[in-house]
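Below you'll find only one chain, the form predicted alone, shown as structure tokens.
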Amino acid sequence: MSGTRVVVTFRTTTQAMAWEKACKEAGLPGRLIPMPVQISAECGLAWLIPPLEKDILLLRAIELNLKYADVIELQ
């Protein structure tokens, strides 16, 4: 994949799985992936999202009370 990628990281696998379930049910973009090697985080999973969808997805995460550790843009 070329260009900028945006990943949402999680502190726990439980957070990652809850995020995946809620996003799928709400029809939100993205997919669960193994943590990119450039990132060191507590959980081995991340949610990959299209860069243009970042803001709306994070607003919906607040509405859905979804927890996450960080949002990181990778080149």
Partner chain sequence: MIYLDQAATSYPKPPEVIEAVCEALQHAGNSGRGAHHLSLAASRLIFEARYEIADFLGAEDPSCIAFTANATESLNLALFGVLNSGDHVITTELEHNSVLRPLYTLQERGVEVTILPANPQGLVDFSTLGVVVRPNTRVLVLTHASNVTGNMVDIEHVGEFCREHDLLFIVDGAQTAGFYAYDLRQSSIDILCFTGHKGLYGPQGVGGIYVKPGLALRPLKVGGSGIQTFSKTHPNQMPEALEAGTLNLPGIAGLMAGVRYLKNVGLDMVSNRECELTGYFHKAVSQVPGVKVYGEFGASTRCPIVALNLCSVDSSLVSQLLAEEYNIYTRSGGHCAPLMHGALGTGELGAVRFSFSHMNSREELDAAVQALREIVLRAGRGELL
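Positions refer to the first chain, counted from 1. The shown structure was predicted, so the numbers you read here are calculated from the model rather than taken from an experiment.
One more form of this protein, predicted together with the partner chain, exists but is not displayed; see below.
Not one of L48, K54 and Q75 places a heavy atom within 4.5 Å of the partner chain in the predicted complex. Using a 4.5 angstroms threshold between heavy atoms, R60 stays clear of the partner chain in the predicted complex. The partner chain is not drawn, but in the predicted complex it has a heavy atom within 4.5 Å of G44. Shown alone here, I33 lies within 4.5 Å of the partner chain in the predicted complex, counting heavy atoms only. Although the partner is absent here, L64 sits far enough away that none of its heavy atoms falls within 4.5 Å of the partner chain in the predicted complex.
Taking a 4.5 Å heavy atom cutoff to the partner chain in the predicted complex, the contacting residues in 15 to 37 are M17, A18, E20, K21, K24, L32, I33, P34.
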